[in-house]
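In structure tokens, one chain follows: the form predicted on its own.
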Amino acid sequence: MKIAVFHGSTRVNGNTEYLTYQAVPKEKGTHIYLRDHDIQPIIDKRHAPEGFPVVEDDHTQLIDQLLEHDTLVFSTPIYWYGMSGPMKTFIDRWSQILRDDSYSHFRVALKEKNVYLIIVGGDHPRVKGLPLIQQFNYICEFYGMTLKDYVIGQARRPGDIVNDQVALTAASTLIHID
């Protein structure tokens, strides 16, 4: 099993990162920190005659890494009841990849991926984070991927995640890594 973890947090060593390491320790997967990459926002040209412009950033490099793995973990704090900005920008640009002739295999390749989601929030996340779970489920359905499971952690301040034993236990058994 080749695991790629896409970290959406802008905070280094934050609660979401800590919880994610319980599911996929640093040495057990490829950890990709979106905050360390230049990903430009999408300029929607899906229906324009000229199509999408070429964008000089790190997005296709990240897509290449995504495609090299069979198991994908999306890890994001809950920002204003949704995914983080870096995660949203990364996924928004998938619309552009769908129209890129160099990635004509993208949609078919995603059908083979198993997806896990790890989210952390401070305002009743086990209830208010459910729409985010549903959003990822819709993204997976659109591409034919399987959302295998998820963990929702609760933490308000840096380091608080260590107090959420339910989430820590759930994360440690989320993915059965050989």
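Start at 1 with the first residue shown and count on from there. Given the structure is predicted, the values throughout are model-derived calculations rather than measurements.
If you look for the form predicted in complex with another copy of the chain, you will not find it shown, but the lines that follow are about it.
Please determine whether Asp100 contacts another copy of the chain in the predicted bound form, using a 4.5 Å cut-off between heavy atoms.
Output for Asp100 is no: heavy atoms all beyond 4.5 Å of another copy of the chain.
Spell out, yes or no, whether the shortest heavy atom distance between Ser95 and another copy of the chain in the predicted bound form is within 4.5 Å.
Yes - in the predicted bound form, heavy atoms of Ser95 and another copy of the chain come within 4.5 Å of each other.
According to a 4.5 angstroms non-hydrogen atom cut-off, is Leu67 in contact with another copy of the chain in the predicted bound form?
Although another copy of the chain is absent here, Leu67 would stay clear of it in the predicted bound form, with no heavy atoms inside 4.5 Å.
Is Asn137 close enough to touch another copy of the chain in the predicted bound form, meaning at least one heavy atom pair within 4.5 Å?
Result yes; Asn137 sits at the interface with another copy of the chain in the predicted bound form.
Using heavy atoms and a 4.5 Å cut-off, decide whether Lys2, His105 and Gly144 all contact another copy of the chain in the predicted bound form.
Heavy-atom distance to another copy of the chain in the predicted bound form: none of the three under 4.5 Å.
What is the one choice in Asp36, Asp44, Asp57, Glu112 with a heavy atom within 4.5 Å of another copy of the chain in the predicted bound form?
None of the other options qualify; the answer is Asp44.
Neighbours of another copy of the chain in the predicted bound form among 59-83 [non-hydrogen atom within 4.5 angstroms]
Stretch hits, in order: Tyr79, Trp80, Tyr81, Gly82, Met83.
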